[in-house]
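In structure tokens, one chain follows: the form predicted on its own.
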């Protein structure tokens, strides 16, 4: 007696997001035809440069998209037209920041050499050759000032958010109003306030004064973002903690905050990014110093002031140094965002 063996075959998972080869080929032909049409339109109308080419592409792509599927019916035509419009709109959104990044990288790379990040301007003028001097003094100063401001503003902002969302105390409305009002304070006003209260009466320009000005600007961003993050926690989660006998404080610190810890990290990073490039308050609080220093009680160099002072000289080499400082500042903020994103993703998985 023979026994039939039936082999089970596991079906391959479907990938609906992958387009068939025919559709991909049609899309490629459509894009190439739009670029060619844009070149002819650029030559005929006087449009110039990359932006002129993109204007022609933005005009050609929806028109050719409609023509390519007009015989397939109304639904296919609307779908292809909507897709082309979304592609054009995405390009419009991307062009400004691509232009900013490419301009900063192109102009800032001229100032870089092997010692640019490790030397200061103690014996170098901003108009000296670009293979001398650097911005180590400004980089160290910015790190110190921003760290001090973060150690003060981040805990205070989170505490304010906890008071508003979790405690809901008698003055919760006033605290919310105060943080909203502070978010609209111009940076120069924060600098003037610290100058009139700290710089004049407590020893002059210093890193502490600069950090105090940045706290005024950073605190509302952290508080408002943390408040919105805490509101995302379900009330059922709090109720379950209370049902197990936990106090409000234990629920807040053992249940609510760990649940949104990644969001609180994002709030802190947004606060740092808010103040990393501020120039006006630092002009009135930290002044400028050409030597690398870690003394918090004396004037100290910062990246925004380094960029501002170099640009103010107006010579070719000084402007190149300003662009170099801008590139370093942009890269520092980008690295900070990447680190925070990676950390928040790992914490959220746990």
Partner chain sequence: MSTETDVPEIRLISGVRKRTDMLFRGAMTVGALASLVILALIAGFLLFRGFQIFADFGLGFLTSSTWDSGDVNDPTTARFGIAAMLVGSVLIATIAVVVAVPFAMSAALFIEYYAPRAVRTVLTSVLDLIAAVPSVIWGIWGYSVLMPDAEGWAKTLHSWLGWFPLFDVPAPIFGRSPFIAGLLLAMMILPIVTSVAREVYGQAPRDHVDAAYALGGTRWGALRTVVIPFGRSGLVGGAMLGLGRALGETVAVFLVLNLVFDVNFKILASAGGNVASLIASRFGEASPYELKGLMAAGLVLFLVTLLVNAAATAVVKRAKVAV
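Numbering follows the first chain given and starts at 1. Just so it is clear, the structure is predicted and the values come from calculations on it, not from any experiment.
Below, we turn to the form predicted together with its partner chain, even though it does not appear here.
**Student:** Pick from 255, 136, 178, 143: which residue has any heavy atom within 4.5 angstroms of its partner chain in the model of the complex?
**Tutor:** None of the other options qualify; the answer is 178.
**Student:** Tell me, out of 109, 114, 234, 248, which residue has a non-hydrogen atom within 4.5 angstroms of its partner chain in the model of the complex.
**Tutor:** The residue in contact is 248.
**Student:** Counting only non-hydrogen atoms and a 4.5 angstroms cut-off, does residue 304 reach its partner chain in the model of the complex?
**Tutor:** Output for residue 304 is yes: heavy atoms within 4.5 Å of its partner chain.
**Student:** Heavy atom to heavy atom, is residue 31 within 4.5 Å of its partner chain in the model of the complex?
**Tutor:** Contact check for residue 31: no, nothing within 4.5 Å of its partner chain in the model of the complex.
**Student:** At 4.5 Å between heavy atoms, is residue 183 in contact with its partner chain in the model of the complex?
**Tutor:** Yes, residue 183 is a contact residue.
**Student:** Applying a 4.5 Å heavy atom distance criterion, does residue 266 contact its partner chain in the model of the complex?
**Tutor:** Answer no; every heavy atom of residue 266 is more than 4.5 Å from its partner chain in the model of the complex.
**Student:** Report the stretch among 143-151, 275-283, 128-136, 115-123 that approaches its partner chain in the model of the complex to within 4.5 Å, counting heavy atoms only.
**Tutor:** The contacting stretch is 275-283.
**Student:** Going through 57-87, which residues have a heavy atom within 4.5 Å of its partner chain in the model of the complex? Please give them in sequence order.
**Tutor:** Those in contact are 75, 78, 79, 82, 83, 86, 87.
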